[in-house]
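In structure tokens, the next block holds one chain alone, the form predicted alone.
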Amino acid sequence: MKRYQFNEITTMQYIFLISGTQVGIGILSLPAQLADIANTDGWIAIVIGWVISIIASTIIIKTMEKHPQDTIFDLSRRYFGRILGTIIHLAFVGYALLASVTVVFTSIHITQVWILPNTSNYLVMVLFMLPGFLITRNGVRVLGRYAEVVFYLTLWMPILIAIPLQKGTVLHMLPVLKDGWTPIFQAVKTTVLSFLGFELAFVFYPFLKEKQHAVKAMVIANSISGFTFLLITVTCFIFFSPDEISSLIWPTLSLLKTIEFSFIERFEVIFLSFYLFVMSTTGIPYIFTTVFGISQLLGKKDHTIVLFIAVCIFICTSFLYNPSFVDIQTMGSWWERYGLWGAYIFPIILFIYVSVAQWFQGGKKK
């Protein structure tokens, strides 16, 4: 009998769950970060990062295929014993918690700067946490359905983002490889970190109904994210001059300010209000992973109580602490450093370790 038979998700929901986790916060600053390192050749680094993220995703799926009903929390105990397995368990929970905190506080900061400048920190937190609690409480199936609905609701956004292309000049993109390959390879690190989110396959894979399509689903999810990154980055490169884009903090939001319609003012506020749904598809899966991991560690089958406590802590923290932009950047850099190990290096080590362990056991699956 399947372990998560009554909480399974379809292949489409799995795709949108992973791609939604990837496209959220990083995309707002990615064009400026790439321009700072590789100038307008930064788009090539996105293509390379896309290939690397697909390889890393496939390695994770191949590892999980060996134990299709287990999450990373089960595998850590199975292969590394009680003590080391618990440490790995806690490390993954800590990583998900760091990602949750970074995404939530970044979303609040952007909301306060661009939409609700006079609204208190804790009020915005409450507005974020209430729907987040209701979605997360009901498990992966509702999480997958939410990600799918948000994807369809936001399909119009890429079309509108491409509107400023007609005011830019493609000459900003030329010549290609103006500084050689070295800055492009240096920018690859930035792009692979923007693809973070696929590592949650360590948790969501057992919930996938049609596991034979898992690799294909990961390729599609990474491709959706890669196309989105490429579209916004190239649009920013064409619209802004190479010198101008490096000086912007959030070039994607600055790009939106240039979109004007005769029948509406401050279009970027409306766009950003919808974009909060996209950011929620990044934060909520990490919150779920955090509370699910803690519940597993405590031996609880239901994660609702842990989730309720976590939401209360988030709200109480927002009463006492309002992070500055520098603090948020620091959180983001910690998440990226941690993510480089958790999403790209750890899966390779785990795959080799599990394969060797099974080989010594004569290929028998426990």
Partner chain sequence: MKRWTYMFLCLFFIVGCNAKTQLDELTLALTVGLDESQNGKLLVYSISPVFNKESENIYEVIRTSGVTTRDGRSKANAFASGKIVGGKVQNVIVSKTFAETHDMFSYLDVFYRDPKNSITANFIVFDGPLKKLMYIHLKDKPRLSVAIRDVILTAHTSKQTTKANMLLFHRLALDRAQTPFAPMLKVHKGDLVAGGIALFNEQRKYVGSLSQTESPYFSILQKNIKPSTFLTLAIKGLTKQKEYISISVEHGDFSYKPSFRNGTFHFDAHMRLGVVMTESTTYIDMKKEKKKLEKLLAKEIQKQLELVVKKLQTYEVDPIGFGLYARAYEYKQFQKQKSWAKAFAKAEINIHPTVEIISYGVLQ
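Quantities reported herein were computed from a predicted structural model and do not represent experimental measurements. Positions refer to the first chain, counted from 1.
Below: the form predicted together with the partner chain, not depicted.
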{"item": "4.5 angstroms heavy atom contact with the partner chain in the predicted bound form for L171", "value": "yes"}
{"item": "Partner proximity in the predicted bound form: Y205 to the partner chain, non-hydrogen atom cutoff 4.5 Å", "value": "no"}
{"item": "Contact label in the predicted bound form: S29 to the partner chain, heavy atom within 4.5 Å", "value": "no"}
{"item": "L130, heavy atom within 4.5 angstroms of the partner chain in the predicted bound form", "value": "yes"}
{"item": "In the predicted bound form, the residue from K209, K257, R77, R141 that sits within 4.5 Å of the partner chain by heavy atoms", "value": "K257"}
{"item": "The partner chain: the contacting residue among L97, I224, L160, L123 in the predicted bound form [heavy atom, 4.5 Å]", "value": "L123"}
{"item": "Contact stretch among 196 to 204, 79 to 87, 233 to 241, 271 to 279 - heavy atom within 4.5 Å of the partner chain in the predicted bound form", "value": "233 to 241"}
{"item": "Triple contact flag T10, T58 and K216 to the partner chain in the predicted bound form, non-hydrogen atom at 4.5 angstroms", "value": "no"}
{"item": "Stretch 21 to 58 - residues with a heavy atom within 4.5 Å of the partner chain in the predicted bound form", "value": "N39"}
